[in-house]
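One chain follows as structure tokens, the form predicted alone.
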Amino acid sequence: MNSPGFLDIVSFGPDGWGHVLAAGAWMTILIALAGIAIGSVIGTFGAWAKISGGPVPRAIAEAYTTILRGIPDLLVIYLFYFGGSAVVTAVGQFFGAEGFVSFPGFVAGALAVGVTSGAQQTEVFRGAFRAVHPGELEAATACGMGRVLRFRRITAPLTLRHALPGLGNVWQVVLKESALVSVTGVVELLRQAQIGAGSTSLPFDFYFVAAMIYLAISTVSGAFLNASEHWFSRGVRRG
């Protein structure tokens, strides 16, 4: 059998690899979205702990960001996957199940990427909150706004406006980190390219196509983030 050509790799026909590469790209996007969402929640609470929390929450947040930024991302994924599998296996044995029970690879990968990106987003949100001018918060208080209303109408929108550039950088990192999740058995874009390369002996072709797909995802998502930044900055005078 002849090896497929480049057009066969990107085609969606019966002999093409386009559909499996598209499925891998979709899995990459899902992992990245889940990771950035989990990280946003953690980052919000982490920033609050560092800014407004007491000594104990502040110490926990400092330890969290220091540890997570010092451990390789791949090691964090392994810890979540094998640690989660150990916990699930122990629970299963408690209820009478036998043998090893594997923790879902997608869940482990998304949690690991989310926890890792949460350390970065903690610093992004903290810096964004510090960038909000105190006079704007004082003006909201002078207008009679309570803490909840002030947060919803002033603090949160202004913090998000300042955080968007940093969040864009975190998204790019998360998108590339998603390639590491394949060690848990998840078939994302890079893993699918590896499978195709091994099946056809065309490694350069598959990895080149995968690189172009990553670049396309990054470009489209970057354009969306830039548009969001401009939308949140509407009415702001630029120097």
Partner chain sequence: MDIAFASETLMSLLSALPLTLELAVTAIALGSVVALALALARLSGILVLDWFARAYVFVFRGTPLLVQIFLIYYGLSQFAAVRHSIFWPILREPYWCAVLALMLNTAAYASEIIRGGLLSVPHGQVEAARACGMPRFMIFRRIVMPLAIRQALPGYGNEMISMVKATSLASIITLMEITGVAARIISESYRVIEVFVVAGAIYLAINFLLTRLIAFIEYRLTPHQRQPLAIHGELKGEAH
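Computed from a predicted structure; not experimentally measured. Numbering follows the first chain given and starts at 1.
Below, we refer to the form predicted together with its partner chain, which is not included among the displayed structures.
- Although the partner is absent here, residue 72 is a contact residue: one of its heavy atoms lies within 4.5 angstroms of its partner chain in the model of the complex.
- Put simply, residue 165 is far from its partner chain in the model of the complex: not one heavy atom of it is within 4.5 Å.
- The closest heavy atom approach of residue 48 to its partner chain in the model of the complex falls outside 4.5 Å.
- Within this chain, residue 180 lines the site of its partner chain in the model of the complex, having a heavy atom no more than 4.5 Å away.
- Scanning 146, 157, 127, 83 against its partner chain in the model of the complex with a 4.5 Å heavy atom cut-off leaves one residue, 83.
- In the model of the complex, no residue of the candidate spot (94, 108 and 113) has a heavy atom lying within 4.5 Å of its partner chain.
- Residues from 180-205 that approach its partner chain in the model of the complex with a non-hydrogen atom closer than or equal to 4.5 Å are 180, 182, 183, 190, 194, 201, 202, 203, 204, 205, in the order they occur in the chain.
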